[in-house]
Each structure stands twice: as structure tokens, then as C-alpha cells.
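Before any questions on binding or motion, here is one chain by itself as C-alpha cells, the form predicted on its own.
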């Protein structure tokens, strides 16, 4: 079943409204509790035709492709859109969509705090959670706190399963290709938890065994696109041992809160997420996280997927690569556009890097 077919089933058979969500951090448990099916918009495979008329040429391709999806009428299944304040480009996209292109569908906004995190940031985040729920109630109906608590528990189970998947991959106990791994992990971008949990359980059960032996690398960046790089690594017998992707581990790996208050649990889990450029995390925290991930997974080098013009990442990566190299961890930075495919030059750079790792 395709993503579009799945979302249409959510609407037509289960009576749920679909909310298109732009990257990246948002409390999906609130949407689940309100009966809204989140449909994340990261990298739709569309030819860019209309979005350029509304955006500067130096806007990243995640934003450009997201707007292209709307301009081409390919998001008709969505009843509303949610824009987290991930970066200035996403925030500007929210203004373009809400104020200028006449989409005629409600738009909602979520403002998560940036580091450093003190008591005011935590109080602010709690306020933002409740404000978002209140804003969505005219679209979806009143929020039931018992249902929110149930959905928070499901979110914790999803996190636990992702934690198992990542742990087993780091230990070399997951027998699947790099491409298949990310195809599975990214199902969480649109599957409702009632379907996502059994899917992840099935993936774990079906991917048992030992991973093929070979070089091990760590990937970092926004999302695993272009996917052809994953296929190249598969062809070369290279295992992705860990990742630091905004679309994946930076959102999925957290220690579940023990709080019985669902609002408090959501807040504690947000602040327990790995460090991220989009949240203003200090460079030292990101450096320590990457070094620990490489050590725990046996990765011998880091490949940065840099989405062209992604300012939050571009501020961090030059410093990270310099410091990682000082500590004996080689790095390769690839400047990519999503859905661009794999050029001969890029393939040669990856192969040369892997040869250097020996």
C-alpha cells in the first residue's frame, strides 16, 4: 500500500483527518490523541516546476520540494498543515503557504525552544504543547486526556522499538541492507501508531541474524536522501553502523519518561532527545554524541549528508569535521540536493573515502 493509499484509508475508512507536517520536531502524540493522522513532508519525488517562483534560489531543497508538493496539488489528502519552527526557512515557508498562495486549508504552528534549556524553556515547552492541542481542537474535536495518555504510552513503545533496532544494528545483529533499514525506519513518517508498532515488531523479528562483515560508517545530516548513496554503500559491502539524522535518530531515540502526567512526559522526552543543530544544541554536545555513537557502533568514519543551503547544519559541520578528525575519526562531507540521484563524482568521492578508511 502506498503512502497516499494508506492516508486515504485513514480518512475514508477510519474517519481520521490527515495533517501534513513539515520537518521536523513536533509532538505527534497530540495529533494521534485527537484522531489526526500525521503525514510528514520531507522529500516528495517531484520535478521542481512552480515552487521557485515563491522562493529565493538559495532555499534548501527540503523546503522547495515541500512547497512544490502543495503547488502541484499533490497534498489534496491533507485537511490541514502543521509547521514546526525548525529553522528560518521552514518558518518563512509557513508564511508563504498561510498568507500568500491561497491554499484554503488551516495552518498551525509549533514553536519549540532552542538550547540552552533552563526552567523557563521547560515551562515554555509545556505551554506550547497545550497551546497546540487547543488550536487543533476546532479541527479535530476536544482532546481527551485519557486518550492522550494512551497515545503517549504508544509513543514510548515506538521509541523503545526504535531503540532496539538501532542497538541491534550497532552491535551487528541486524541482517538487512542499508537501504532496507531506512525504508523501514521512515515508515514512522506516516503510519498511525496502531499500525507502526506491529510493523516495527515485524521488522525486528524478520531482520534477525548477523550483519555482513565489512567497513562500518556513521551517517549524519538531515535525512538519508539521495537514497542511491545507501545503495552504493550496500554494493561496496559497507554497513551504516549508526546515524545522526534529523529525520531519524535525533527524533526517535529518547528515554521514556516515568511521569504519569502526559504533558510532563512529552516535555521530559523532548528534552531527552539527542543534540541537534535545529534546536541550537552546543557544538560540544554534538561532538560528544558523535564520538560516543562511533565508539559504541564501531564506526571508523563519518559521512555528512549536507542538504545544500541547510543553515543549521552548515553552521555546525565545519567545526564538527575538524574536531572529529583531530580525534582520529575521518570525515567526508557531501553537499547534496534531495532526490538528485548519485553522480559519478559523488560516487568516486565516497569510494575514495572508504579506501582511505582501509
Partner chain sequence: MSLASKVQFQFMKDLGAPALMALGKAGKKKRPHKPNPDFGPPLKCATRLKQIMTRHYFLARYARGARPVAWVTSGAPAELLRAFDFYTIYPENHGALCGAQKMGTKLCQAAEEHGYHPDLCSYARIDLGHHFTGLTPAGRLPRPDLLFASNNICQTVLYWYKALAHYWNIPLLLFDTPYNFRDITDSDISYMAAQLQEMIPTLERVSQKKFVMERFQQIVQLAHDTSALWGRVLATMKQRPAPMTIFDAFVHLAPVVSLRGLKVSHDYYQLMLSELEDRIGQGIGAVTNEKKRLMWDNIAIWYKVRDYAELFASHGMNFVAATYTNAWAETIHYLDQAQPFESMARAYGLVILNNNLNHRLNLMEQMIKDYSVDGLVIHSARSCKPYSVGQYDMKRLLMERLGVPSVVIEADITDSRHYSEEQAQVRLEAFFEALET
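The shown structure was predicted, so the numbers you read here are calculated from the model rather than taken from an experiment. Positions refer to the first chain, counted from 1.
One more form of this protein, predicted in complex with its partner chain, exists but is not displayed; see below.
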Exactly one stretch in 233-241, 196-204, 213-221, 95-103 has heavy atoms within 4.5 Å of its partner chain in the predicted complex; which is it?
95-103
Taking the shortest heavy atom distance, is residue 280 within 4.5 Å of its partner chain in the predicted complex?
yes
Going by a heavy atom distance of 4.5 Å, is residue 331 a contact of its partner chain in the predicted complex?
no
Within a 4.5 Å heavy atom cut-off, is residue 227 in contact with its partner chain in the predicted complex?
no
Closest heavy atom of residue 141 to its partner chain in the predicted complex, within 4.5 Å or not?
no
In this chain shown alone, the residue from 267, 178, 89, 249 with a heavy atom within 4.5 Å of its partner chain in the predicted complex is 89
Every residue in 68, 73 and 254 with a non-hydrogen atom within 4.5 Å of its partner chain in the predicted complex?
no
Pick out the residues of 51-65 whose heavy atoms come within 4.5 Å of its partner chain in the predicted complex.
52, 53, 54, 55, 56, 57, 58, 59
